[in-house]
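Next come structure tokens for two forms of one protein chain, structure 1 first, structure 2 second.
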Structure 1
Amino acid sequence: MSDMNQQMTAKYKNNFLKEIEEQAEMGDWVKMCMQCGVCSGSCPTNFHSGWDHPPQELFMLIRAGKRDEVLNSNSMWNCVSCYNCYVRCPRKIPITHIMHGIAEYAYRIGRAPKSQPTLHLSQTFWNNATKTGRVNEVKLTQTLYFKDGIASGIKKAMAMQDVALGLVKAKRLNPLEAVGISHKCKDIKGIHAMLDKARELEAKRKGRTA
């Protein structure tokens, strides 16, 4: 168990609902759920296999204090951010944000599933975008393909060759970005200082010592 996980377990003892309310983005809405299941019926990913728990089930598990089951769940990581659950919820619960919030919290305290592809995408995207202030699409794609090593990366890149070539031909993928010739912000230094401060303030407000 990670230090942060132990720290939070000690802080909240058996009150997992309170932990989610205070630690997860929009977590204070969880207790508003009345278990109607409209969110699950509205989710486009629900038509595929691989879900541990639909949203309303996660919310009930939180109230029941099933900490391990919730934090280890893969459900939050399946969210496509389509906001269908969000607009259809009769209680107007911001479900999309709560799913993101629980996922972020699980990751932050070292409880996210190992090798979760969407977690890896989230990390890669944010780090890519904040490095220079703007996304470098070529490096983003490369990092995503080569996450499991060179051999697997080449295989994936080959499988996606047609897609990439089509985009290059249409001038919508610039190979020069691979060597760092790309769009960037001028005040990269200011952006990095701003983000360091924002991270520091958020950790402080949530009582997390990194």
Structure 2
Amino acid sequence: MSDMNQQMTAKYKNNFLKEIEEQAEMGDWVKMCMQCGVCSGSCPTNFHSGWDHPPQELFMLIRAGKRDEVLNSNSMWNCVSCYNCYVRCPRKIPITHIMHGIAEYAYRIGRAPKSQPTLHLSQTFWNNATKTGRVNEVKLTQTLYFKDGIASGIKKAMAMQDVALGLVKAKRLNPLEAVGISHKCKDIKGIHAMLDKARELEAKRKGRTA
């Protein structure tokens, strides 16, 4: 191997790349990115949400060892899980999973932005869904709409009232959920036991890779 090849190989074996490979879901795929840019060109939010870095650029920064720049980035928090990037990637890199994996890792080590909308949405959805095993859509919407105060919540609700009425007519939204009357899963204890076991396994996995 030539000196230049050895230098290039060393760049791809920095500590942060190894950290992402071990700690972020499917992070070991980062090194497979060939920087073609198809992912960023396919992303519906890339040109509208003010991303710090498109996916292939974020992967390049990981491989370059730019830990703070990556973990302080808003990029992984703007992924809306449309999977356009994955479908169009010529190497079939699971970009969506990696982006969420980096975000989860950043959250786990206390580097998640406190005001990030997608973080608030995911936490709210998770808390709502795991309580009864099904999503209470009215309470979920109320929590999201009124997170910035009563006035903001009323304004958002009024703007979406036609959509809400359409969902009620189509029997896709049950107004009684507002008072806690909703369809629950039959075996909610079993669901909670499954979630507890998943948390136990995840804690063991993190302990092995710490």
Partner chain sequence: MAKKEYAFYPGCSSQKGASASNYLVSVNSMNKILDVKMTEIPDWNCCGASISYAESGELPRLAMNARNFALSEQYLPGQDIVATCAACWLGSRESKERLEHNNVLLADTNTALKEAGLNLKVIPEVRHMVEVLIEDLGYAELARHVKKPLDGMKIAGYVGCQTNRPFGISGESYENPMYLDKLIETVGAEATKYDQKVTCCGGALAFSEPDKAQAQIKDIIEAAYDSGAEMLVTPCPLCQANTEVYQGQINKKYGTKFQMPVLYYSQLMTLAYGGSAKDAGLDGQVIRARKMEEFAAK
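Residue numbering: sequential along structure 1, first residue numbered 1. Keep in mind the model is a prediction, meaning the values are calculated, not measured. The term rigid core refers to the maximal set of C-alpha atoms that superpose within 1.5 Å between the two forms.
S.K.: Please state whether structure 1 or structure 2 is the form predicted alone.
M.R.: Of the two forms shown, it is structure 2 that corresponds to the form predicted alone, while structure 1 does not.
S.K.: Aligning on the core only, does the CA of residue 174 end up 2 angstroms or more away between structure 1 and structure 2?
M.R.: Yes, its C-alpha moves 2 Å or more.
S.K.: Superposing on the rigid core, do we see a C-alpha displacement of 2 Å or more at residue 38 between structure 1 and structure 2?
M.R.: No, its C-alpha moves less than 2 Å.
S.K.: Please determine whether the C-alpha atom of residue 156 is displaced by 2 Å or more between structure 1 and structure 2 following superposition on the rigid core.
M.R.: Residue 156: C-alpha displaced by 2 Å or more between structure 1 and structure 2.
S.K.: For residue 165, what C-alpha shift in Å results between structure 1 and structure 2 following superposition on the rigid core?
M.R.: Residue shift at the C-alpha: 4.9 Å.
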